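Given next are two forms of a protein chain, the same chain in both, each as structure tokens and marked structure 1 or structure 2.
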Structure 1
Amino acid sequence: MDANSKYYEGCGQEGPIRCIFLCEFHPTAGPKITCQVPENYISKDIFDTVSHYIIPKIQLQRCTLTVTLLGSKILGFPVRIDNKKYARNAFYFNLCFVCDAWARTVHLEPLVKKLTEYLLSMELETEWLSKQSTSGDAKQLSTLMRQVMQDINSRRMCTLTVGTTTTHLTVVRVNTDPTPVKDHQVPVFLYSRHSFVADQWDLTTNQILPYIDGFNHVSKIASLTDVEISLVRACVQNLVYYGVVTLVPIFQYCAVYSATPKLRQLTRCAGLQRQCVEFCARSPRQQPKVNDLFRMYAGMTYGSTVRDLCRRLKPQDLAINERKLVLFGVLEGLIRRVYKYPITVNNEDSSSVHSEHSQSMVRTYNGLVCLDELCCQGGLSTVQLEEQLERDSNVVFIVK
């Protein structure tokens, strides 16, 4: 069965860039493909069929155009440069992305436009495109297009440098803003941090990036970097929006997790097993066994904390880093965090918790704010706050 058979045009799913090609209107040969990566992905017959749309009349120049044909969707931004130095006094070109016909491509439109503007500026300055076309040697262009396709498909961003000219390309997510980031949430990279360059981000983001390690929560990052916490929240939310980081719960030994149905995949998928072993190893020289990893995940259930699990199964003897085990499990959906939400059941006397450390925590609870968030607000550990609230007969916990 075709791997794409479950998709259909208009399904709203994003897909990879399958090909990038540059076409032009040659003064004698007419419309033709100057260079494409990978080679021969778009055949001459298919190109000839759609060439009058890809190299359109003047009214459609500098407009984003999308053409769907024979299982492919072609996205371009045609440009015409008027100048007497060119044959016929003009140079027409169009850099095109090719995706599957079912794929959503609106998020790539700003990228195609920006990349075209970059090529246009180099053509105006040094005739970078037309010289390669005339000579028949488009190795530089081919290298550039290959880098764009690989980087955008793998990490949704790319930095290009030709001579002294540099541009940064980032896939813009066309969706609603993410839920506001909270102080107790932990950002973790979805791609290697070392794949990003400093000038892709503003100064504040560059200041906090080294402290995003999958374990530091937003409040701690603000403290470590001496950056105003509202700015840290804004930077992290921006990184979430662009798909650079995701948010996970704070790691705590007193936390409770529960295995999900997806845990079964750890017994079947060799790739997932390999990733889990490598990620959760206490040392690169000594890797844990898949059976031991599965046993620890399966032992995560209501009423059993991470501390309880470690005391029972002793992950250090199994070559397992329990902090990384939990992080990997959350990122892959193998486990989920079980939160506690305090709720006040009797409003007449909700102030029975008296502590010199927790006066600010005396309040009526609505069952909507978890202990992690309350601890960040009050500067208390989970154990401290939980013990204080358990002494208040008016407060009960919702566990979910």
Structure 2
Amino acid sequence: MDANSKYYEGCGQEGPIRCIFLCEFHPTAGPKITCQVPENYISKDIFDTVSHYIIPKIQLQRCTLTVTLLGSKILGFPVRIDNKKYARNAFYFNLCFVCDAWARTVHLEPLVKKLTEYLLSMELETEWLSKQSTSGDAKQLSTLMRQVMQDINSRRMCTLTVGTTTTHLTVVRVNTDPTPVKDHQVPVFLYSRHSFVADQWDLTTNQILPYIDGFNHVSKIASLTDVEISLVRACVQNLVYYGVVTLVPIFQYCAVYSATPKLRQLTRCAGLQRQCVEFCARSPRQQPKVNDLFRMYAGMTYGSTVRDLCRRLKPQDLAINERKLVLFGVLEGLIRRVYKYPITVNNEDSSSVHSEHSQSMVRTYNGLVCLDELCCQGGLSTVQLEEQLERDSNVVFIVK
């Protein structure tokens, strides 16, 4: 047992590949490991206990199998080739990755599959695998596996060349699908734009990239770049998936924010303070004080808008850029946006009596769409919309 308590089962962290082995079903000896890198990581005993998950019955061929046993996790993709030329008329093999039991391995599954298919095609073409296994000299194979292990562990990508064929392997982080991007949301880079390799991305993404500055919302980006808005949404969603950008609420002076329990970290964590001061400064020459920044954040609560706060504390005198202050707070989770949701209360008794103004455009608000989104849809300013809604006595606001 490792004393390292950081790594426990279910910690959700990725771990290195500990071992790669290729096993096959030997016509006489049954399941056996043909080649293993590093040698003897999986002992004969362990292999025998788990072999029927590694060389499984026919129904489980071509399934991604992960078995967690005896402190390690074995990933495999068993394959069978039916051909008369093999003894027993079939060649079974499985290339397995071994990781620690605590490690997350979902991201390796496509890798195992692709590598197996690469080996499979080489076997079909040149009997690359079966030749090595019958001759007992698996040097080529072990070189290949060693390269995969080293490259994937260190660089997360790997290019394999055997003879004239080449294949590329890369680890792609597996994330859940990001929620659909809405027009009023603002994409913001999570790390410096300079470290962003633009030529890896498609043309549309490259077109919208310069306009992602943390303040332009999606529909504004669309109009600025003259790109169809659904394409912008799709691009942004893609960027969100890869963790390049994240979405924050649009900055408005009438917006309300609330401090979170995380805010107190600003009084403790020197690193956070430094970042905050640098980020929120109006100009690089004059840096604001942490206290003033904290005071600004602390003033954010239900019922007090950014405008009120600015009137009260005068951030321009304190060398604070309030837009950046809010952006930083949201990104670091020091504050969160408090949205206002209009919702129509259907009072049967008093319905449609008061609404002489909105006869034509009686609209029910279902409480799922916040004011920002409505403004964005209708092309109205928040003040206009609020005025309009205030007149409708059936609409109440839920602030959350």
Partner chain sequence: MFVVMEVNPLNIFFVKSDSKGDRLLFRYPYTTENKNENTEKQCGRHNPYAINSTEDLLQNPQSQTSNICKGQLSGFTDEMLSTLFAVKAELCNRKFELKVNDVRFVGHPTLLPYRTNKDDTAAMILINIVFALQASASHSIVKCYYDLSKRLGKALRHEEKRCSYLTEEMKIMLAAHDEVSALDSENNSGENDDEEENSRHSVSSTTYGTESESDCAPKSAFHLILQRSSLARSMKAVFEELSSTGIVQVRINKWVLLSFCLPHKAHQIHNKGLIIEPETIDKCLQKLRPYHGILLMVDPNELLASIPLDGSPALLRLIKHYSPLKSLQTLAIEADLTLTQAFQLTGHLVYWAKATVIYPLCEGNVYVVAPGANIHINSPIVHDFAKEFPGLCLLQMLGEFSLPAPLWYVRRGAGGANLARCVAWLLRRRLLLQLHTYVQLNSPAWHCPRNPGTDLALTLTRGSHCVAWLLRRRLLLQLHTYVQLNSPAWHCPRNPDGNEYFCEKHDIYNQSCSVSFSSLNQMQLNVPEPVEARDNVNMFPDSDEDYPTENNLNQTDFSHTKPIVIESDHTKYDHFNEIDSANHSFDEGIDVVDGPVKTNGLNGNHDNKEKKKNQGNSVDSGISSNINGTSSIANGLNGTMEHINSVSEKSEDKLKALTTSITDLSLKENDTALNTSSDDDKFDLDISPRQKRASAIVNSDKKNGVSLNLKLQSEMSFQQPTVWNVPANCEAAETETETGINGGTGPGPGAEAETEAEALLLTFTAEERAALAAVPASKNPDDLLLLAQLHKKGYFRGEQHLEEIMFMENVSRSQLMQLLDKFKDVLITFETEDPAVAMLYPY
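Just so we're on the same page, rigid core means the largest C-alpha set that superposes within 1.5 Å between forms. For numbering, take structure 1's sequence and count from 1. Only a predicted model underlies this, so the values are computations on that prediction, with no experimental measurement involved.
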Exercise. Among the two displayed forms of the chain, which is the form predicted in complex with the partner chain?
Worked result: 2
Exercise. Superposing on the rigid core, does the Cα of residue 120 end up 2 Å or more away between structure 1 and structure 2?
Worked result: yes
Exercise. Under a superposition restricted to the rigid core, does residue 299 display a Cα displacement of 2 angstroms or more between structure 1 and structure 2?
Worked result: no
Problem set entry | residue 110 C-alpha moves between structure 1 and structure 2 by 2 Å or more, core aligned | yes
Exercise. By how many angstrom does residue 152 shift at its CA between structure 1 and structure 2 when the core is held fixed?
Worked result: 11.2
